[in-house]
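The form predicted on its own is given below as one chain in structure tokens.
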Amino acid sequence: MKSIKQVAQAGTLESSDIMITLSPADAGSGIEIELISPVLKQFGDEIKAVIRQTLLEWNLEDVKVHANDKGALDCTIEARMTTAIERAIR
């Protein structure tokens, strides 16, 4: 398992984007996702699934995720997550 070493951020608050902030969590606490989105009721579960899946693909656990969505597509969410992860594990 890899671990997050530092707080890292990717993305913007522009329309059709998402700002992702990753921070380390206590060992054994798992993945915590805090999501803010204007489409939370319609797509909140799907957005969280993309975030969780990206973390699992990187073999990461014990991560706090703060996501401020502005209508991002799945490919944008994945790209922002990848950038934030690369910055966080350095």
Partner chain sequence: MEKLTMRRAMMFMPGNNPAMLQNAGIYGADTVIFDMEDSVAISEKDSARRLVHNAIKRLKYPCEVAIRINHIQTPYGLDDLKVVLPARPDLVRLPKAETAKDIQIVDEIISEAEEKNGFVPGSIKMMAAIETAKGLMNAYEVATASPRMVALAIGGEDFIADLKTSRTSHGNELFVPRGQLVLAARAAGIQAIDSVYTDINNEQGFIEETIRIKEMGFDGKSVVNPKQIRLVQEIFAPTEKEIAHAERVIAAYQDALARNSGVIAIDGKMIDTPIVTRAERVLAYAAAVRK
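Fair warning: this is a prediction, and the values are worked out from it, not measured in the lab. Numbering follows the first chain given and starts at 1.
Separately, the form predicted in complex with the partner chain exists; it is not shown, and the next lines address it.
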Taking 4.5 angstroms as the cut-off for heavy atoms, does A79 touch the partner chain in the model of the complex?
-> yes
Wondering, does C75 line up within 4.5 Å of the partner chain in the model of the complex on heavy atoms?
-> yes
Within 36-71, the residues having any heavy atom within 4.5 Å of the partner chain in the model of the complex are none
